[in-house]
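Single chain ahead, by itself, as structure tokens, in the form predicted alone.
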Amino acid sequence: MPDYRLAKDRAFTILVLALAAAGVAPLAHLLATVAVRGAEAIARAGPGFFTEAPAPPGSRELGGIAPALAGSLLLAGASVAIGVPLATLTAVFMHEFPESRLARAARALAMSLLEIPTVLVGILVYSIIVVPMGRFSLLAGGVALAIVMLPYVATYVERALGQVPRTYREAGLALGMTRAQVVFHVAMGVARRGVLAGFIVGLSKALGETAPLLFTIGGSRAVVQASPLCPGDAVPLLVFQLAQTPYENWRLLAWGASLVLVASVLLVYLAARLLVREVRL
């Protein structure tokens, strides 16, 4: 009987490992393909891959993704500047007044935003910003990405604040601090790693989004834009558009941009995971 049970245990272990390998294999194949094809594109383009605009379609040259990189940086900055303060204040309100109707409504809205297709966010921003302005802009894209990242940041920050021991709050109040000072100087300081992890997770989610950008930034890839009020480009949008073309140089450029995008998102997620593991209260 012990031998029979041991055989069953080993068979079950082998089955679980085989199923896990089958589930991971497509992702590993995808990452390997992006790495190989992307590295090939970057090596062929040389340093110009990061400093030039895409070459004309059908050309023997690849050019680069400089306008898309600059646009992604501006979008990241705009989305963080808009989304992080709003999400942080929302999280603080939900944590400090959990039973109020407004806090319950904000929590329900945040959970709903996690499930809403991001293309609808792009259409909303197109209606309220792009149409009144009369043109596409990186600012509109930043607003759309801020809405996308808001529920992630709010959720992480609220959970981080909830892990702060009550004794820290009581000590702050005993010293004569106001409730706001306790939250922003004591609780935020103690939970800073968890709060920062929320910021990074929200940013990584925004960096990989394409759908909201289809209706907001215009996809202008000829020159590097330095103003958020002008149309621009972004790496995810560049990949989406160039990968559908019949031109070999543009499709190869899309592989290189895909590698840059995947590497950026993976690095941000890795940083977030390390921060979460190192939370100290």
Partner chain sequence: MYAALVAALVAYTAVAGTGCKAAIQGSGSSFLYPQMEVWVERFREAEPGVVINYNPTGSGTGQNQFLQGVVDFAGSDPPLKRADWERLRGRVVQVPVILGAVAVVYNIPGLRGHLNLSGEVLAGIYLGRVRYWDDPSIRALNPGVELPHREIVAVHRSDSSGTTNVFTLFLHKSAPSLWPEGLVGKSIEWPVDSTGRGVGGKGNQGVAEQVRQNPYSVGYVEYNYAVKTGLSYAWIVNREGVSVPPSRETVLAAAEAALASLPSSPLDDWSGAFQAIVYAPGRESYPIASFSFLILRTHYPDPAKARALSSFLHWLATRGYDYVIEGYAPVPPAIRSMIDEAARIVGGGG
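Please read all numbers here as calculations on a predicted model, not as lab measurements. Positions refer to the first chain, counted from 1.
One more form of this protein should be noted, the form predicted in complex with the partner chain, which is absent from this view; the next part is about it.
Proximity to the partner chain in the predicted complex, defined as a heavy atom within 4.5 Å, singles out one entry of Arg135, Arg192, Arg179, His185, which is Arg135.
Proximity of Pro231 to the partner chain in the predicted complex: non-hydrogen atoms within 4.5 Å are present. The partner chain is not drawn, but in the predicted complex it has a heavy atom within 4.5 Å of Glu248. The partner chain is not shown here, but in the predicted complex it comes within 4.5 Å of a heavy atom of Gly218. Using a 4.5 angstroms threshold between heavy atoms, Val80 counts as touching the partner chain in the predicted complex. Taken together, Pro57, Pro85 and Ala222 are fully in contact with the partner chain in the predicted complex: each brings a heavy atom within 4.5 Å. Comment: 207-215 is the region of 165-173, 207-215, 148-156, 109-117 lying near the partner chain in the predicted complex, near meaning a non-hydrogen atom within 4.5 Å.
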